[in-house]
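Presented as structure tokens, the chain that follows is alone, the form predicted on its own.
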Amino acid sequence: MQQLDQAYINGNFVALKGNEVIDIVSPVTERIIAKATLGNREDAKSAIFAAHKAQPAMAKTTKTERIEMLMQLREAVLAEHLRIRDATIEEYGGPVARAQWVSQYASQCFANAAQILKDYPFSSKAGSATVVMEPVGVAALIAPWNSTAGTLCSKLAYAIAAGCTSVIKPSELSPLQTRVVTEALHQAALPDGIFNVLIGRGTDVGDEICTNPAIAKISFTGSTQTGKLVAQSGINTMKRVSLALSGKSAAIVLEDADLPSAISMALNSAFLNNGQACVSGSRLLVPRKKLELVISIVKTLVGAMQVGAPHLATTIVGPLASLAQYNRVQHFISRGMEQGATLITGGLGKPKGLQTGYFVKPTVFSDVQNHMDIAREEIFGPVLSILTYDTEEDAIALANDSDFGLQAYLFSSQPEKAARLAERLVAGTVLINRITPDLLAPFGGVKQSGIGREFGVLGLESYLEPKTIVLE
């Protein structure tokens, strides 16, 4: 059993001052696989001090020096991608195909940021003025348990590209992934203090990094509820805040779409990462006249999905990350049935033959009305709601009738028409006939799905502050 009791501060792994120990439980076996000591407020202050001390020198680095840092980090993380993959599978049950993608993506983040940085002008003219883009300062990077490696590395990549040092707080539910990724980052041998990593509760570590005046910027990925608390905590010291929050994405199948292909992609989106993804297309909007055919295709495709141990290549849906997550999903499945939706596949309880582990049945409801809980709230599990529409106008209105606006999907045999409809969807990203994003383009949400953007030029600029200089 692993004992995880260190933070990474000022270029070294150090003993924690905190003394709270939590159990890390395998989502497959329900057995304890590690014990992790959590940092406390004093640990957070030490990490902030190290980052603050390193910031002036980091701000003075050249573009060439930062690109070199990013490529060193890329190589270091790539060298450990198998360990990152395995920790992802072990700690929260990410299916091997997804875990493999994340482990590769984690290293690619640094190359992407270097590519953006290479051509970015830090100085430009605005009338008679010169506008200089400067590092905002020490950044707090807060990453979720469902994508620890990828989110941690993507945030760090753009912070470094901008010339910012950082204090990184991954979820306390992901110490195994955090340790492996941090060990990889350490191998890049960057100057001390540029990045500092510790896990801890939001009530002390999280509160300290959100209120400490030495932190200039917060980049948070997680739930809308927690994101609001983060923003509120940072306002007294006027921290710059970027929030990537919850989603309830609509996947719209237009009448002219190739149904088998569209439904297959829609299901893959809905059940991505065992349904534990903010971009999950958990609302499937289909023409009313084609509902019976859609249901038939869904039953066939979901019936063929392998649910099981995440390390197996045949597994499509693995376990949920925790007992709490399992219970949450069971609650929403119950609510769907109570509120009158029709269960067409899946349902309550565990799949046959999988009584140990936090496994759930991939579940699909039809006859869902948009006021139902399963259509309104982010479930964060493999539960899909099918809604019907009569006209394209209805489909757009239905898709936009949500508190969230992170991502949307459109499937059509007429891409140009779909592109016109995409302009009317209230979402940060719209994917047409695909479910994979472009990682050089900005990512983020509108409405309750967040503030600001990550990735690409806008992701870089989220760590920069413009200064206007006007000569006489």
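Since the structure is predicted, the reported quantities are computational estimates derived from the model, not experimental observations. Note that residue numbering begins at 1 and tracks the sequence as displayed.
Keep in mind that the form predicted together with a small molecule is not shown, yet the notes after this line are about it.
Asker: Only one of 252-260, 313-321, 72-80, 206-214 gets a heavy atom within 4.5 Å of the small molecule in the predicted complex; which is it?
Answerer: That would be stretch 206-214.
Asker: Check each of Val180, Val329, Val230, Ile386 and return the one that places a heavy atom within 4.5 angstroms of the small molecule in the predicted complex.
Answerer: It is Val230 that has a heavy atom within 4.5 Å of the partner.
Asker: Sort through Asn146, Ser402, Ser107, Ser242 and report the residue having a heavy atom within 4.5 Å of the small molecule in the predicted complex.
Answerer: Here the answer is residue option Asn146.
Asker: Although the partner isn't part of this model, could you tell me whether Glu378 comes within 4.5 Å of the small molecule in the predicted complex, counting any heavy atom of the residue?
Answerer: Taking the distances in the predicted complex, the answer for Glu378 is yes, it comes within 4.5 Å of the small molecule.
Asker: Is there any non-hydrogen atom of Gly202 lying within 4.5 Å of the small molecule in the predicted complex?
Answerer: Contact with the small molecule, yes.
Asker: If you check in the predicted complex, is Arg283 within 4.5 Å of the small molecule, heavy atoms only?
Answerer: No - in the predicted complex, heavy atoms of Arg283 and the small molecule never come within 4.5 Å of each other.
Asker: Is there a heavy atom of Gly193 no more than 4.5 Å from a heavy atom of the small molecule in the predicted complex?
Answerer: No, Gly193 stays farther than 4.5 Å from the small molecule in the predicted complex.
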